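Heads up, the chain below is alone and in the form predicted alone; it's given as structure tokens.
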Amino acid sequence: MREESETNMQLTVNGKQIELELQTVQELVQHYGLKEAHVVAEVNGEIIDRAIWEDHQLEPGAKIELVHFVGGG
């Protein structure tokens, strides 16, 4: 049986369940190494304004979609 860390939080990110130790949308985007200017973040069906990512607290069980735009032709 797997023990869960008291500081880790279970989240669903782009359809995959993960367990991470972080608190905000900004920390999540940084965790994945994404360029913030090219990412849209949706938490529980609500698009989160990039200006408040560092203040937007994630809650256990949150469903998050990170859309990373890539240029090209």
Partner chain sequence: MDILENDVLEIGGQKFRSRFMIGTGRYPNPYIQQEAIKASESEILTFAIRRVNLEDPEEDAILQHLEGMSFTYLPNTSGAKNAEEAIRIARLAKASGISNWIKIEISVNEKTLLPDPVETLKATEVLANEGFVVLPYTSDDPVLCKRLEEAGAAAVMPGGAPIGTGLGILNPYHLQLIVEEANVPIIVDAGLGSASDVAQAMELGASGVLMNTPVAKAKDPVKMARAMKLAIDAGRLSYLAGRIPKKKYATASSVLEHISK
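Since the structure is predicted, the reported quantities are computational estimates derived from the model, not experimental observations. Numbering follows the first chain given and starts at 1.
Although not depicted, the form predicted together with its partner chain is the subject of the following passage.
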Please tell me whether any heavy atom belonging to E19 falls inside 4.5 Å of a heavy atom of its partner chain, as the geometry stands in the predicted complex.
no
So in the predicted complex, is its partner chain close enough to E27 to count as touching (4.5 Å, heavy atoms)?
no
Its partner chain contact in the predicted complex: G15, any heavy atom under 4.5 Å:
yes
4.5 angstroms heavy atom contact with its partner chain in the predicted complex for E54:
no
Between 55 to 72 and its partner chain in the predicted complex, list the residues on our side with a heavy atom within 4.5 Å.
E65, L66, V67, H68, F69, V70, G71, G72
